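Only one chain is given next, in structure tokens, and it is the form predicted on its own.
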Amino acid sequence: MTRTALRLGFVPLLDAAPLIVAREMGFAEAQGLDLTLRPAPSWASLRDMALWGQVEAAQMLAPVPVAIAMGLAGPVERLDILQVLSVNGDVLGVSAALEARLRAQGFGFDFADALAARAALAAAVEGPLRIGVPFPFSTHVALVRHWLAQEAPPYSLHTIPPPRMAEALAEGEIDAFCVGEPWGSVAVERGAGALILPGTAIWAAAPEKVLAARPSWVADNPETVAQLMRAVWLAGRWMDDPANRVTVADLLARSEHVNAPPELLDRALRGQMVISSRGEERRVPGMIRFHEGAAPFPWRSQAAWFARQLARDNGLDPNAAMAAAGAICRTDLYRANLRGIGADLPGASSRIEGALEHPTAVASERGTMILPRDAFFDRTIFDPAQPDC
């Protein structure tokens, strides 16, 4: 059978797993695709690869297509969000010097209480806090800004590619970071610092990476798009089985993929994190999700949440921003392309974000959808219909 050649871009991170597994475990081949995975050294280079047609589709930071749709990347073609690749998966860490000051003042590194961590950090820092983030338009920035919006120390954000984050921390370029795994754990392994929070402690269900493509390519290649979406969705479902996690970690660890120790990748997949050079372990339910709880669905409300924050940061009309963000979430393609392979589809394409304190059954086509907890640490609620409430 002749297979369609397809180039996919990615940054070496744990949450590139659905693309890597789709290729390596045969899901793409079964759908009639011949995937070539092209790594990028930074999010800026991957964005440009996607925009200028060097790859047909790419792993992308969830807020990047939103920012492009809002005009924050200049006059370039938009990127559509086909589906979500990963939910959660980020960690926040501090330098060894800042770790020592936090311990001296009695902070217990419980790795769960974002309010307590913020207060401790405000008391421990000496001068403005320099925080490393992978890209200006990222879930990392959104989480940090939401976390430090009140009663926080002054801070500045510094863009550092994920594989360099541990080095930047060790060399004193930054005092803290927010980054996707395994690069936070790499910083711990190298003795550069300690982890202070998982991203889930700030927002329990933050969309992290998405599968994005140019709308012109999507429109011209409907069957290839369908094949790609099915392959990636099936890969995510396969990864949900705990019995497959060791295989996933081994695949990702390869030099052509993430090039990190498999034990570090396995920790994040299991949610069993080592947070310091002392060997302290913390259990993090839902540390990263690829399939469970409708994780792949491209909720328009999540894109709207990013858009509202970006609008406020850049002095733009939030209503126009949220409308632009909703338009790039291809829930129509998700429903059309994945219904036939067993995906349960929610009854709505938007929801109230942050409202679920416990797993909750919601209306769906098959009637089996349970959404996990999605609360924010400060109990804020985001209703796209009433965004300022």
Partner chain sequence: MTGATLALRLHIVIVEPYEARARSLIECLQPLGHQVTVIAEAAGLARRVREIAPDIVLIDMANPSRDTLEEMTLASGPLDRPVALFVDRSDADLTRQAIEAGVSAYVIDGLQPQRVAAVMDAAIARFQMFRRMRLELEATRRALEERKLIDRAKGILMKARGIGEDEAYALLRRTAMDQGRKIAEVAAALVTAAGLLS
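This is a predicted model, so every value here is computed, not measured. Positions refer to the first chain, counted from 1.
In what follows, reference is made to the form predicted in complex with its partner chain, a form of this protein that is not presented.
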- Query: If contact means any heavy atom within 4.5 Å, which of 319-327, 359-367, 34-42, 345-353 contacts its partner chain in the predicted complex?
  - Reply: 34-42
- Message: To verify the annotation, which of these, 237, 164, 270, 103, has a non-hydrogen atom within 4.5 Å of its partner chain in the predicted complex?
- Response: 164
- Message: So its partner chain isn't shown here. In the predicted complex, which residue out of 203, 137, 305, 290 has a non-hydrogen atom within 4.5 Å of it?
- Response: 137
- Query: If you check in the predicted complex, is residue 244 within 4.5 Å of its partner chain, heavy atoms only?
  - Reply: no
- How about residue 159: is it within 4.5 Å of its partner chain in the predicted complex, going by heavy atoms? yes
- Item | Heavy atom of residue 51 within 4.5 Å of its partner chain in the predicted complex | yes
- Task: Flag residue 77 as yes or no: does it have a non-hydrogen atom within 4.5 angstroms of any non-hydrogen atom of its partner chain in the predicted complex?
- Result: yes
